[in-house]
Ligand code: 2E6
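The chain that follows stands alone, in the form predicted on its own, written as structure tokens.
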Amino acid sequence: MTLPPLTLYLAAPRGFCAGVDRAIKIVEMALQKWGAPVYVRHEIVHNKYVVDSLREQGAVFVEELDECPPDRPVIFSAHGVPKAVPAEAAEREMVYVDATCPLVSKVHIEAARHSENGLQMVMIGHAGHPETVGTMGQLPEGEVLLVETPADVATLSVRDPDKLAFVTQTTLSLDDTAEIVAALKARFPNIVGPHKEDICYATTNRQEAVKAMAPDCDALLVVGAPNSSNSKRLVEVGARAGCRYAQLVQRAADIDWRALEGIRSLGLTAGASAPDVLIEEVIDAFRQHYDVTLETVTTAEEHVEFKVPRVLREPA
């Protein structure tokens, strides 16, 4: 049987970022150092395949610290945690390792510095997302105000309009965030922003790659988890950039082949917490249905690497 032709545009960069890679290594090294079980507060990164793989090695995933026994190590996820969490771990004399992405930690430090300078914080983020919860939890309740849309800015009740600063979740849409920042600056002209963009390099690079290839694609698939903020933003960016069909899939088994009937070009990318094996799985699935010509769309090169905490590099 002759397969229909398909040009498959593969985004570069795509998939794992340095912060995700570091967080996974931290769990693996903790298991090597202390043996199983090692507890992890929240999914280490938002990807079922990664979490299941670590669970098979002996990681136990919980949502709260009180689910962890005091005599076993606990790791805090890449998304970051409120200050109260490591404080509670220290009080219980637990061994803990912080796998917070260094770029998220940078936002935490920014928020604390602005607060020390007497500024009330505004956070641009998604309510309930663990990164937003962790960042807002760096300061006392009421010191960080959350906005999710430009409309939220209009109803914001602040202590002093001339003493404000803002930070953002690192995995947001660049375009959406720019609209909210513009609304904040229009209403609060003296608001202080970050020295450097809070949205991380990996989020930025993956969105730019999607923008570059989306106009040439009949469809776009993003490999990622439904609870992954950066993956969902890639779908939105693709649709906004002109791709008529943009969907999130966790695995090849999730592909809706009927919806893809008649396509001649496909864009493929992956969120920052999706491993290469899942991307290859999707490519292999398309090769079973189409005569695939693979083209890589490169918009940036990444050479970022973050060190793991010293406690894991020291002998047990």
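The structure displayed is predicted, hence computed values, not measured ones. When you see a residue number, it is the position in the sequence shown, counting from 1.
Below, we refer to the form predicted in complex with this ligand, which is not included among the displayed structures.
Review point. Tell me, which of T168, S228, Q207, Q138 has a heavy atom within 4.5 angstroms of this ligand in the predicted complex?
Key: Answer to the contact question: S228.
Practice item. Would you kindly say which of A30, A270, V45, V40 lies with a heavy atom within 4.5 Å of this ligand in the predicted complex? Key: Checked against the cut-off, the match is V45.
Practice item. Pick the stretch from 111-119, 67-75, 140-148, 170-178 whose residues have a heavy atom within 4.5 Å of this ligand in the predicted complex. Key: Partner-contacting stretch among the options: 170-178.
Review point. Applying a 4.5 Å heavy atom distance criterion, does A11 contact this ligand in the predicted complex?
Key: Although this ligand is absent here, A11 would stay clear of it in the predicted complex, with no heavy atoms inside 4.5 Å.
Practice item. Classify V104 as contacting or not contacting this ligand in the predicted complex by the rule of any non-hydrogen atom within 4.5 angstroms, answering yes or no. Key: Yes.
Review point. Does H129 reach this ligand in the predicted complex, with heavy atoms at most 4.5 Å apart?
Key: H129: yes, in contact with this ligand in the predicted complex.
Point to revise | Residues in 4-26 with any heavy atom within 4.5 Å of this ligand in the predicted complex | key: Heavy-atom contacts within 4.5 Å come from V20 alone.
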